[in-house]
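Form predicted alone, single chain, as structure tokens, below.
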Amino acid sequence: MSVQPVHINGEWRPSTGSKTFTRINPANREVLSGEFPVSPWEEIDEVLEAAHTAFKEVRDFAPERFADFLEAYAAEIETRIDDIVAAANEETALPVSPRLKDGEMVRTIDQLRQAAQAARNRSWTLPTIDTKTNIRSMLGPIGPVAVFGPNNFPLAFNSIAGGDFAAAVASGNPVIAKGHSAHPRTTQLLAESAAHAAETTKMPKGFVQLIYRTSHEDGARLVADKRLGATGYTGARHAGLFLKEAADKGGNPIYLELSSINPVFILPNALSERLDDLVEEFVGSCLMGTGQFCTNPGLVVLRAGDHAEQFISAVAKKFEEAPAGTLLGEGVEQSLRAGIVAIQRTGAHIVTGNKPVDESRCCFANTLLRSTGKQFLNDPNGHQEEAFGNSSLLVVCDSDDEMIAVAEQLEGNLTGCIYSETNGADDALYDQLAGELRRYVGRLLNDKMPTGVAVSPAMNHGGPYPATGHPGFTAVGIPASLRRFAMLECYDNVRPHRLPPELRDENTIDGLSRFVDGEWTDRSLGQ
């Protein structure tokens, strides 16, 4: 098998590493052709130096330069959609349509263009001016950003094309992309488009670079290196926390998306009002994409009663009737089984599933577990083990108070949802639950399953630990996502001609609002 090249300092070249890895097609477990290198520290060191050199150059670039690159990159991807989608399909078994070509690809291109717009209008910089003291501040680029992409979104969260990449570039930073081992060919094709766009828009050679894999130790050295500005990571909790410990020791910020079970509370009167609809919504959300969404509803809380039993029976039947989808790889399959076993140790029992169904591909039966509110409260941590995939846990509580007590024991999550009766019969219970959930979730939903994540300026794809490493930031939503890869720059009595354009007396940037003497305004000073 041929070993694929890495992209370092503007060149595609053979890796200097001696170790390689292969990938499989999850739909048939066949090993795909081609090997990909594991980069040694000497190569990573070179990548860091090239990114560091590139940052020295781009610090003085006009924002339009980054916007031009992002727009050129989006256009490059559009010319290679079929090839990129085909590679992603082969490496992940995610369907070409509607998932990859009609969904993820559209979102990937759109968020690159949204990031370009944010780079131009500068709203993400939050310029602030105090005329009395002549102190002025704004957000500016932090330095080279390393991006670790996940396995479940090979396009929209890809390390060299996804949301973290777009945000890092739009805020003026070079990117070191660390590809995911599950879809390296997809990442390679995207990197080829990025490299061509960088060349045509005359970006420095080290502005976008790609390596595929590192050892754990070298990954830790990378995120802690003083030449690095920040890291964006999406993936498993244990690996993310390992990197966070290293980054913290090195004094570097790292933004993590780790795990989330996304609790859904279905209140009693909502269940009696529209039981069949709730069954359909939950099953559709839980099994969508074989449950491999970070916002998959992995925990549903019900109050005991006839309607709860009917809901459970109907969901179990649909789980049994629905075909088991293909998982992203052998590692995901093993992790799903381990997560289910961990939840069972709490006393939860299997309603349906929990068995292999097709050894020829990476898959596992649609699995539904059940526990009681009392069992949950006896072991809240064990009940919140993430079983990433086509699985969910139902917790049946004896009373409203027990439902509230369950909410009080939740870990941090990306989302939390409450379904309530249309005419207000559940409002008193809703108010109590929402007050608790609001503390533990980044995005609170009503009467809507959490799986959709819109690329909207108002979106929060974040939340308290362990959903992420910091509750104050989002991985989705422009311009807010750009602020993760920025530092606050303050200018005290700096001469006017030395100030960045955003902080000068005259506001020359169309549409830019600035916080001047306690008020937001788009006017120039003195007007």
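Counting begins at 1, following the sequence as shown. None of the values given here were measured: they were computed from a predicted structure.
Note that the form predicted in complex with another copy of the chain isn't included here; everything after this is about it.
Site residues K101, S285 and P356 are none of them in contact with another copy of the chain in the predicted bound form, judged by any heavy atom within 4.5 Å. Of the listed positions (G435, G305, P95, G331), a single one reaches within 4.5 angstroms of another copy of the chain by any non-hydrogen atom in the predicted bound form, namely G435.
Contact annotation: of the candidates A54, I44, A486, L70, the single residue with a non-hydrogen atom within 4.5 angstroms of another copy of the chain in the predicted bound form is A486. Picking from 77-85, 176-184, 322-330, 243-251 the stretch near another copy of the chain in the predicted bound form, with a 4.5 Å limit on heavy atoms, gives 243-251. Not displayed here, another copy of the chain is kept clear of W12 by more than 4.5 Å at the level of heavy atoms in the predicted bound form. Taking the partner from the other structure, another copy of the chain in the predicted bound form has a heavy atom within 4.5 Å of a heavy atom of P471. Though the partner is left out of this view, N493 does reach within 4.5 Å of another copy of the chain in the predicted bound form, counting heavy atoms only. Another copy of the chain is not drawn, but in the predicted bound form it has a heavy atom within 4.5 Å of S137. Contacts to another copy of the chain in the predicted bound form (heavy atom within 4.5 Å) from stretch 442-460: G442, R443, L444, L445, N446, D447, K448, A454, S456, P457, A458, M459, N460.
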